[in-house]
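The chain below stands alone and is given as structure tokens, in the form predicted alone.
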């Protein structure tokens, strides 16, 4: 049987069907639960003139699609970082990448309080500063580990955890110091707790194009990540320029995290959980791992975002809290297995 990406075509079709099903379920979830028959007018938007129909088209559908893209980006970036650090416990949230992006994004949200940036709209600054924060934090962890002559992956992970804690404390200080009557601290705090932002359709199209481009570039890293998993010396003997590859992979994964943080806030543990859910049945090869992580990450976050809108109506649970409730026990389980090995 012909296989694509190392997976049988029937398996790929099943995963895409599951992704579509997850988005359909998420469309039904919210402060007002809807049945499948209520979603049919979405197939013919021109005939959907009821206010609830317009709400579904202009608010819930863009949110569901954005949640899927954010989850896919986090899942793939987590797989890349686990390959770079060669540690199954690596995660964009734990190694400082997501906190770095959140620090940059917080600065963008607080831009009206900063005189040099008052002439720039926060929405223009946010993606740029989020990327600079994510890339800078990840590079800082790698450089810190090299300066400290840390060669084992556990030491790299500890350096990342320390960096994440430092950046989180710095972000909290800036929120307290710069928030004023023109910038609601509650708005910034709710964003940092994690939650899908709702774009306009034009913005969603741009997000989708950038996300798909980043995912396509990420798939090109698969062979290099496989070689890197064999060790630096073996990878060099196989023709891989290790330092350049790690820099490029870090740059790409940081861009994915920055885009996810821009539209989802600080959402932890998705990049940790998803690659493991995929790796257990499919094995360690990064070709299928990256592709399926995008689908599983998107489906998982889409469903969790639907639950966040549904569990305590009309209030909404911060999405980052739900992912932490799932991810933290998962992390402790992985840590226990890793320690036994």
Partner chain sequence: MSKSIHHGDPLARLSGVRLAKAGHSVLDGVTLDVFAGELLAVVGPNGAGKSSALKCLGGIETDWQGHIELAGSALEGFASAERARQIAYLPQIFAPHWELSVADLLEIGLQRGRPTLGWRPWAGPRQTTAELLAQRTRLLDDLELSGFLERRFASLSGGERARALLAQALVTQPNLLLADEPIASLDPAHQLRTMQYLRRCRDRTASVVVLHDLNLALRFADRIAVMAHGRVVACGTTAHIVASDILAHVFDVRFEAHTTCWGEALLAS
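Since this is a predicted model, take the numbers as computed values, not measurements. Numbering follows the first chain given and starts at 1.
This next part talks about the form predicted together with its partner chain, which is not shown.
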Does residue 284 reach its partner chain in the model of the complex, with heavy atoms at most 4.5 Å apart?
yes
Residue 250: heavy atom within 4.5 Å of its partner chain in the model of the complex?
no
At 4.5 Å between heavy atoms, is residue 203 in contact with its partner chain in the model of the complex?
no
Evaluate residue 157 for contact with its partner chain in the model of the complex, applying a 4.5 angstroms cut-off between non-hydrogen atoms, and reply yes or no.
no
Would you kindly say which of 199, 136, 168, 229 lies with a heavy atom within 4.5 Å of its partner chain in the model of the complex?
229
Select, from the options 159-167, 100-108, 254-262, 214-222, the stretch whose residues sit within 4.5 angstroms of its partner chain in the model of the complex by heavy atom distance.
214-222
Check each residue of 85-101 against its partner chain in the model of the complex and list those with a heavy atom within 4.5 Å, in sequence order.
86, 87, 88
